[in-house]
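Presented as structure tokens, the chain that follows is alone, the form predicted alone.
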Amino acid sequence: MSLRLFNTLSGQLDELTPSDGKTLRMYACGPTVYDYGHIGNFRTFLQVDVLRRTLHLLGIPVRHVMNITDVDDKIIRNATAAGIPIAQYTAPYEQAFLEDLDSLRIERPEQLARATEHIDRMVGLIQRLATAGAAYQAEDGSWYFRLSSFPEYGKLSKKDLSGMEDGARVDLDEYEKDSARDFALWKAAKPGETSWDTPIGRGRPGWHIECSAMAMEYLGDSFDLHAGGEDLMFPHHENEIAQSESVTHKPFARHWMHVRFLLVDGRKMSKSEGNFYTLRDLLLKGYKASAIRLALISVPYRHQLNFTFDGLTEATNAIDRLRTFHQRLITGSFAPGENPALQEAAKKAQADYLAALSNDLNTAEARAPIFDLIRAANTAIDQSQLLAGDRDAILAVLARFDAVFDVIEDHDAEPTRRALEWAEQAGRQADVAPELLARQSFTDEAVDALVAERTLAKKQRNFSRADQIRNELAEKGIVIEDSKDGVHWKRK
């Protein structure tokens, strides 16, 4: 089965395959590490994670490169204000970003490329652009891309800039240039700014040049797919294409994937609106990383997601159903044999699931057959009609589901622990939800002891005490499940 993915460049669904017949080479724009990542950022990174996991599920190896922008105007400004070198300023934010990737179960790329470690490569690309007549140096020493040298500019975003007059503003930089349409490749050093001595002068790179240089460094002059948020399509990705193709005369990337914006409660996320959330903000409110992951990927990447706390609650409940059912399968006792109806239901669920993912990563449609199968299987278990062979078939379907969604196995304790440690270090204890503190203070050993006491109380027909313990555990976010196979508990 192949993956058909919408290609921004062609404007249609195209089959995504490795051009070399072996490994799919992809580049995804990463973070600018001047602050903590917000949920809008992570929606994009999560959708790229869905892509790479789907490719792996379909048997397609991936070579994935992501940049870390560790030098830009904001970083320099903030580091200067703090009176520290930019490397010292960015290090904790980069570390936080990597921890947040782990918290959300986002697989790390095969190659992380920091901008500051590839200055020579960027300078070399600018020199090649100058030789090709596509770059020039301004009087102050800055270098610009001459947009008039690339007639195809706008082919990705489908913008027609042919009638744009000088004086119109399409790029925000502070340096003199020949045309308002031209964009910065290299910014001449200002007093006190971080800068590098290079053959093209002392300065620092523009934002756009880094992705072109690093993508070609690790993936070659032409590669299979470039991904990022829709806000990067213009001008960033257009500029990458112009820079790269002006020297290689090859398609920079054959396929372009763009993830739609995220809204929060129907509005654009912003601090002034009071609806701006980092991953850590949500973890400190008591939400699980798995629920945040599911909420951010449940809506397909080309659809705008309206993030709400009701949606987070729905994701939490969906994960509880998945985990409860999975636990029921692996701990239950089932008679040998197979139920033909359940075998067919498992085959259909798997086929429908893979078909949905293969059709432009439709995660919403991919979820539906899995929960249909769970409902049918739960009914069969209640009626003693699910047999051992059916359990094995259904577990195989769930494994393929979790190969992409990755929410069934409980990995939530570590992200929560890290968030609480961070809150203490950052002086954010006041932002920690009281119920989260209560849950964290209740150890597994303490839960086991109370569950054992409850079991004994029931045997002694002390149902009042048994109910009291159940209520006490519920207040701590612990759910007890009594079944014919014994007593199990889980944290909400």
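When you see a residue number, it is the position in the sequence shown, counting from 1. The model shown is predicted, which means the values in this text are computed figures rather than measured ones.
This protein has a second form, the form predicted together with the RNA, left out of what is shown; the following refers to that one.
This chain is drawn without the RNA; in the predicted bound form, the residue among 140, 409, 231, 107 with a heavy atom within 4.5 Å of it is 231. Though the RNA is absent from this view, in the predicted bound form it lies within 4.5 Å of a heavy atom of just one residue from 124, 201, 235, 389, which is 235. Contact annotation: residue 277 falls outside 4.5 Å of the RNA in the predicted bound form, judged by heavy atom distances. Although the partner is absent here, residue 207 is a contact residue: one of its heavy atoms lies within 4.5 angstroms of the RNA in the predicted bound form. The RNA is not shown here, and in the predicted bound form it never comes within 4.5 Å of any heavy atom of residue 422.
With a 4.5 Å cutoff on heavy atoms, residue 431 does not count as touching the RNA in the predicted bound form; it lies far away. Contact with the RNA, judged by heavy atoms within 4.5 Å in the predicted bound form, is confined among 114 to 122, 246 to 254, 412 to 420, 266 to 274 to 266 to 274. Contacts of stretch 363 to 392 with the RNA in the predicted bound form, defined by any heavy atom lying within 4.5 Å, are made by 364, 365, 367, 368, 371, 372, 374, 375, 378, 379, 382, listed in sequence order.
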